[in-house]
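Only one chain is shown below, in structure tokens, and it's the form predicted on its own.
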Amino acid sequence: MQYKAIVIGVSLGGMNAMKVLFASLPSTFSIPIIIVQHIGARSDNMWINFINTTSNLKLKEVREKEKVELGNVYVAPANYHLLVEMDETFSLTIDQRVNFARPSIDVLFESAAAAYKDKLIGIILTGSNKDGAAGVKRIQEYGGLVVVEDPETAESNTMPLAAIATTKPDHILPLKKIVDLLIQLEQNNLAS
């Protein structure tokens, strides 16, 4: 399987999870990663700068109509829903909150599932609400791969448990094992 993108949804506990994730992925990792981290409406991008201090990859906020490209890590800006369009560009909206959140994980995951179909990897990490549960269901309906952080090891298990209740994930793994899986999937991409 040739995967074209990875979407990640994360909320409470996300700073620690992303610090581990991006300090462990190699700088050569090529599959584009698109992240919704629940943040306050007035949050600045200081947390992105913080993750970048230890990351092998550079995280950046999405710009409207930007094209998804290999090797990049994109983050939804505060107070905007992030969508992937069918031509693999981004759209930002200020539509109603979904699951009390803007940006919403479900909004990103559902749009990315429609754009990438079976070539998408969806990952739910730590979090304290149910955002992302409908999104991973949609990813699986389109044939994509669903990975959920093990609720036993997640800093907050509500979001992983909601995702597991909604769908049957392909993998339920501790964070470090998720990193190993992503590296393996990327190597498979390069070999095919």
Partner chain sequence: MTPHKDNLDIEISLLLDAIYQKHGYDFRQYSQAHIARRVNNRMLITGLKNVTEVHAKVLHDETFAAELLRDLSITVTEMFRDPEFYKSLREKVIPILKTYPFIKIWHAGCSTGEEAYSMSIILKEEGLYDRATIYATDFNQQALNRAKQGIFSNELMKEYTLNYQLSGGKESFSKYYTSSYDNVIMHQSLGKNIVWANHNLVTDSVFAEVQMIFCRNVLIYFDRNLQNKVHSLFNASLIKGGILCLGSKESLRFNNAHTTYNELDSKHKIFKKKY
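Numbering follows the first chain given and starts at 1. Not measured: the values here are computed from a predicted model.
In what follows, reference is made to the form predicted together with its partner chain, a form of this protein that is not presented.
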For its partner chain, considered in the predicted complex: do all three of V98, D106 and R138 come within 4.5 Å of it, counting heavy atoms only? yes
With a 4.5 Å heavy atom cut-off to its partner chain in the predicted complex, the contacting stretch among 57 to 65, 25 to 33, 161 to 169, 148 to 156 is 57 to 65
In the predicted complex, does K119 have a heavy atom within 4.5 Å of its partner chain? no
I'd like to check something about L83: if you look in the predicted complex, is any of its heavy atoms closer than or equal to 4.5 Å to a heavy atom of its partner chain? yes
Partner proximity in the predicted complex: N79 to its partner chain, non-hydrogen atom cutoff 4.5 Å: yes
Please check if F50 has a heavy atom lying within 4.5 Å of any heavy atom of its partner chain in the predicted complex. no
